[in-house]
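Before any questions on binding or motion, here is one chain by itself as structure tokens, the form predicted alone.
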Amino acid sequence: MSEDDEDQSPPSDLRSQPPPCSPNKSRNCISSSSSSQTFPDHVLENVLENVLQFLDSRCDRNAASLVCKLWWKVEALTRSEVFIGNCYALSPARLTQRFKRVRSLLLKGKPRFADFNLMPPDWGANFAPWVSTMAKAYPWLEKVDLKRMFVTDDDLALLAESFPGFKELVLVCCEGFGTSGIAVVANKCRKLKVLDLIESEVTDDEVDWISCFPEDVTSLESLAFDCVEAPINFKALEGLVARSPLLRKLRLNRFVSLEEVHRLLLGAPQLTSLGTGSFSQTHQSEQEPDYAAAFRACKSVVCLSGFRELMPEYLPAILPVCANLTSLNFSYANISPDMFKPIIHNCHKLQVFWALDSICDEGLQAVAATCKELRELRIFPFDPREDSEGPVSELGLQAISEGCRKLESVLYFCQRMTNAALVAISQNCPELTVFRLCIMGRHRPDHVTGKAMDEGFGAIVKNCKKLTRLAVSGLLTDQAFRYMGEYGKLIRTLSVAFAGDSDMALRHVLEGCPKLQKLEIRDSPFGDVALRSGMHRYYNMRFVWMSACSLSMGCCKDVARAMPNLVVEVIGSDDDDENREYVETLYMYRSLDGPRKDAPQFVTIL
């Protein structure tokens, strides 16, 4: 049931029936007839319930539920938080039948490749059946966290009306709703603590949703609306911040000017996380506010983001808070190295850093020289075209590896890379758990030697023994995948684009990576033989996505027939021929309740 990102157990953690008790497990569960007479079942349940309430980890709870029937039953009764990594892996009814006391739900919808426009609109992942079912079963629900789901204003209205104690709503990369739905949540959820809209598509219904919050003191601790592309009522926002003494996180959209940020900071010195919105002035005034003084007053700020529509002359205003920052996000700011370096040289405590590649290799070298505590680095392209001249390269990545030895997670977009740089980061940063390298442009080799990038990625999987997530790109032969199968024993998520020579590449991975849960492949030469080579694995995986490969419809049908508990979706376009020979996109996932009922016309479920 709980498809946990960290869960290492087989798919039996999703089973709808309790596991049978073996003789040994019966002794451990005290379930033999003689023991039951001494300790009645309700006594054992009470004791076990008091123990299991201290288990917070989903992985630990999944393992506990597999011990025996009694543990399965009690674990379900004591679980208040449920994570579902695929909204089609089970039905809402199955959720409510097993877990009776859920207060928090984290639910994921579309696969990640939907972020790259590889999935047609209206594919599904509707929140409606989930909220309608939970409204009847969980009137005490307090938290909903959705990712890549289709959420309507009606869904939000039902949520707001059905859960009187509702406290937290987080919508990440969601769509389908507008400011009208947000207004209902703000108005009716009187105990709301968290309202975070993150990278979601929010329709502007011209509704003043900020004014819909309660007029008295609120419980708000976090408010993020930087993705909302609509003007807001600043006077109402200023009043909301003033009557929210518990507010710690505030992320503003680009319609909030720097002057307005200044006014908000003066009224909320308790903030720890700030998204600045626009970092420019809307009009010139005779006496310019002292922006640096406003930041200086916010002594608790440790996370800083925003900087949209940046005017560089105002950037030094953040210098007073730089010494305490642990997270800095410049991913929306086109900042040159000269603008950037005076800032980063003051950020010695930084652990998370996101930026555009406009900071260049020079800027990354400054990060390496200063940020010795860095754990996560993400560099995004300012110009994502394949033929653009990327300002970051292997020089910046190698500098980071030499200066930031505690690095654990990397996402790096660039135009050129070398095997030597990848070998260096694998040796200098052995604690890496996530490594995603996106070499823009197809089949690009080591730009110095002209060789494939096999040895570089081979070094990553060989030397970074804690690696769980890997994204590969550039010119890669089957040899790179052989390295992954040989050394990538903890890899759970693998993303592949424009890589490999033959079916053998994918076979190396499917046969050699025992922990693999999520496999994403696009524009690679893998066909029927490769797909069939993983049939022993698919029931243990969350999903497999393959687009623009070389799969035949016949092979996909064979897999569907051989694995009845696996949902095999063939995704095309509305005008696709049903008798087409080759498959445009294949999406396979395990499900306890069989194929979904809301598949659109362009989806064929085999």
Partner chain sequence: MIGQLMNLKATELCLGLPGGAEANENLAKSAVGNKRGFSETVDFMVNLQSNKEGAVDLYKVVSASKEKALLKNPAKAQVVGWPPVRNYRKNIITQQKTSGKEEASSEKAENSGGGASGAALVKVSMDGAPYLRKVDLKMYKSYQDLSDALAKMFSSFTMGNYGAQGMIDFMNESKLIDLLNSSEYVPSYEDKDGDWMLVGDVPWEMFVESCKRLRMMKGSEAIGLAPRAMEKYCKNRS
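Note that the coordinates shown come from a computational prediction; the quantities given were computed from them, not determined experimentally. Residue numbers count along the first chain shown, from 1.
Not on display, but discussed next: the form predicted in complex with the partner chain.
**Q** Whether Gln479 contacts the partner chain in the model of the complex should be assessed with a 4.5 Å heavy atom distance threshold; does it?
**A** Yes, Gln479 is a contact residue.
**Q** Given that the partner chain is not shown alongside this chain, does Arg442 nevertheless sit within 4.5 Å of it in the model of the complex, heavy atom to heavy atom?
**A** So Arg442 counts as contacting the partner chain.
**Q** Do Gly488 and the partner chain share at least one heavy atom pair within 4.5 Å in the model of the complex?
**A** No, Gly488 stays farther than 4.5 Å from the partner chain in the model of the complex.
**Q** Using a 4.5 Å heavy atom cut-off, state whether Trp140 contacts the partner chain in the model of the complex.
**A** It does not: once the partner chain is placed as it appears in the model of the complex, Trp140 has no heavy atom within 4.5 Å of it.
**Q** Sort through Glu161, Glu362, Glu309, Glu376 and report the residue having a heavy atom within 4.5 Å of the partner chain in the model of the complex.
**A** If I apply the 4.5 Å criterion carefully, the residue I get is Glu309.
**Q** Name the residue from Glu288, Asp208, Asp523, Glu221 that puts a heavy atom within 4.5 Å of the partner chain in the model of the complex.
**A** Filtering the options by heavy-atom distance leaves Asp523.
**Q** Does the partner chain come within 4.5 Å of a heavy atom in each of Glu168, Val434 and Gly458 in the model of the complex?
**A** So, no: the whole triplet misses the partner chain.
**Q** Report the stretch among 124-132, 92-100, 250-258, 185-193 that approaches the partner chain in the model of the complex to within 4.5 Å, counting heavy atoms only.
**A** Of the stretches listed, the one contacting the partner is 250-258.
**Q** Which residues in 374-403 have a heavy atom within 4.5 Å of the partner chain in the model of the complex?
**A** If the 4.5 Å heavy-atom criterion is applied to the partner chain in the model of the complex, 374-403 yields Phe380, Pro381, Phe382, Asp383, Pro384, Arg385, Glu386, Asp387.
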